[in-house]
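Take a look at this single chain, the form predicted on its own, given in structure tokens.
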């Protein structure tokens, strides 16, 4: 039972269980902010869950022209994977299919790191022998002729060690419209923290999952304990007045970034909650058996 509260909203004294991931960052630029955004959005499509998509990805933030290597507007994209090998494959495929193809685009390293993941080093072969390497300021770039000019891509980017996936909050409300309104406010606050992404649609998940299934070969299935249509059945975690549950999921380049983002989301949710019927906030975990990062809601109150 909840034994904490904030702004009159009940909080479960529990924790969100998260796990280590491999991560990287790239900066995508273009002639306009709109086209940089289009390339980045395309690159981060179908990247909600590493289980089904091979990667989790999202836009961290816009990057001003004054901050990018080519002086054009850009977008910083974060990618997360189970491991370095899988992440490297997703990076090459997404750059090749979604950024190389986008008019006027270029791509640069978005983070440092001793371990490097290839970008232009792999994509250069598309130029079929017409690629040109150039070294500036200790960095290596590739210029590939394409039909609207040249695609410029840095040789590699950094691998982030200590990245974390799966920070989360579960928002329990009286009805779906009110709960969605609170979730939107919480997601916006969470996105305001640097070095995090919320990989699900709009940063919100309606189909929270549990590990395993009654069906062979299905590794995750609906989180039935939090499905309002199953209230009253054994195992339900919902009180009669709960009509909707939505989840905020956060990936970050560090545990500190995930915790800060969860804190921002929690405080925004409970601030807006009374006006929209928010009843309770909890978090998803697996009893501490799955991930080594435990973000306690009690610690987020400070």
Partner chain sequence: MSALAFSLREAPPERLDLSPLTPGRLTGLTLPEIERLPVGTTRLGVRVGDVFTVTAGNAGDIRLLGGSARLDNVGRGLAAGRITVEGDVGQRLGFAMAGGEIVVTGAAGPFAASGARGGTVRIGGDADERAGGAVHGAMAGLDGATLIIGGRAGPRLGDRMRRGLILVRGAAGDHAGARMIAGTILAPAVGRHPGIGMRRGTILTSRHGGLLPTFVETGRHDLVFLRLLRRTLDALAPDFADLVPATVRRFAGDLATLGKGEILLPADA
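None of these values were measured; they are calculated from a predicted model. Positions refer to the first chain, counted from 1.
If you look for the form predicted together with its partner chain, you will not find it shown, but the lines that follow are about it.
Just one of 177, 202, 162, 71 comes within 4.5 Å of its partner chain in the model of the complex, counting any heavy atom, and that one is 71.
Judged by heavy atoms within 4.5 Å of its partner chain in the model of the complex, the contact stretch among the candidates 137-145, 213-221, 87-95, 118-126 is 137-145. Shown alone here, residue 108 lies within 4.5 Å of its partner chain in the model of the complex, counting heavy atoms only.
Put simply, residue 131 is close to its partner chain in the model of the complex: some heavy atom of it is within 4.5 Å. Heavy atoms of residue 152 reach within 4.5 Å of its partner chain in the model of the complex, making it an interface residue. Mapping the unseen interface onto this chain, residue 65 counts among the residues with a heavy atom inside 4.5 Å of its partner chain in the model of the complex.
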